[in-house]
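This document opens with one chain alone, in structure tokens, the form predicted alone.
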Amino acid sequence: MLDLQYLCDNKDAVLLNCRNRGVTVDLDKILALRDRRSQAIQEGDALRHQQKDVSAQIPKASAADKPALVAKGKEFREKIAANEALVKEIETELRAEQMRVPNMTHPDAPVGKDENESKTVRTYGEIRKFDFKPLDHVALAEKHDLIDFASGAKVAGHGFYYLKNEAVLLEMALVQFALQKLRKEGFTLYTTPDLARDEVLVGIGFNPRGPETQIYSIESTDLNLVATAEITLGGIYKDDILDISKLPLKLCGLSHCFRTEAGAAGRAGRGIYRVHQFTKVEMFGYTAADNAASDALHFEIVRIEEEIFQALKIPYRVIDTCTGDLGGPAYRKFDLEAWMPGRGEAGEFGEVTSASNCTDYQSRRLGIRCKQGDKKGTQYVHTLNGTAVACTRAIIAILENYQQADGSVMIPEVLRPWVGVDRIG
């Protein structure tokens, strides 16, 4: 959420940013609500002042005059209560409108309407030229009895699955490899709850309820299944004031992720590329309220993501996401897209990680602050997030890139200590 005073002082820049992101907002309504709130607060202050004057007169009043003053005092109390209710109502509407305004955008982020206008920053690895027709991960999983889609659909519905045999070991190996890597990089390791309250999801920037949601909600509660550990790691310090001497904080969360994936369909989402539940290792960071500090951690997170896929020896490209494809909280976002030979007719890149700098957009909604040097008061910290490993998509990339002519699949060397074999099949 952007600061209200910033919105008022930079209306033209905010409107241009919204247009670049393809988001429609009503800033005039926000300004009108701000003015209505100011007027209502002034009226409330005047009423309280008048009530105080009446209350001061009552002890000195004669017996004849006292009932009228008491009645007048009661009338003021009722007006004050009504005024407080009005202020609360205006503030709720104002906050809701304010929350619809996306974060500002990094000046270096490409301006464009959709993912086709994002920019490739760099590529890694050589795309393998097969001397046989490669299979996609669904066919490879069937060949080696690695994924049971039918039982997943029978038990939980379409989009759910069972990993089996070496696929289970592969997932555990990816988790162990990512956790060990992040621990060496100075991240504090967590396993996080699979549930979070509405207010935490809203603070992070997710819409937990209503027709537009991609979230599974628990009926008759304010709880939801989390779509990413970004939600739970971001909620840890809700309403806290952090010690600036301990920033940046680097957190790593291992969690299940649950997504409705409403509207997702097509060959690109085939198999386990787009599913309702998966395991993920997530990075989350808190820095001082300084763009240089959060930019530095952002680049560090991307470096770690790249080093993980370099160690797996999987070709990828780094994408600087354009304005029209940025989520509301993101100031800037980089995606890693791994080469998947079985995707599309002749292989395609598919997203495997993302890393976002959200500056103070999430912390302002969650009330996470720090005291910075000799600056007056407190400042909202900057928050960042990034995928270390989303296991299902990493498994796709491994199966398809490491398949052999005889139908077997080699295991990446760095994962073999945990898988226990060097080949599937």
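Rigid core: the largest C-alpha set superposing within 1.5 Å between the two forms. Note that residue numbering begins at 1 and tracks the sequence as displayed. The shown structure was predicted, so the numbers you read here are calculated from the model rather than taken from an experiment.
Only in words, not in the display: the form predicted together with the RNA, which the text now covers.
Only one of R100, R303, R183, K74 lies close to the RNA in the predicted complex, with a heavy atom inside 4.5 Å, and it is K74. With the partner omitted here, the residue from D65, D26, D35, D45 that has a non-hydrogen atom within 4.5 angstroms of the RNA in the predicted complex is D45. Taking the partner from elsewhere, R365 is found to have every heavy atom lying beyond 4.5 Å of the RNA in the predicted complex. Interface membership of L31, defined by any non-hydrogen atom within 4.5 Å of the RNA in the predicted complex, is ruled out. Though the partner is left out of this view, A61 does not reach within 4.5 Å of the RNA in the predicted complex, counting heavy atoms only. In the predicted complex, at least one heavy atom of R197 sits within 4.5 Å of a heavy atom of the RNA. A movement of the C-alpha atom of L33 falling short of 2 angstroms is seen between this form and the one not shown when the two forms are aligned on their rigid core. Once both forms are fitted on their core, the CA shift for C391 between this form and the one not shown remains under 2 Å.
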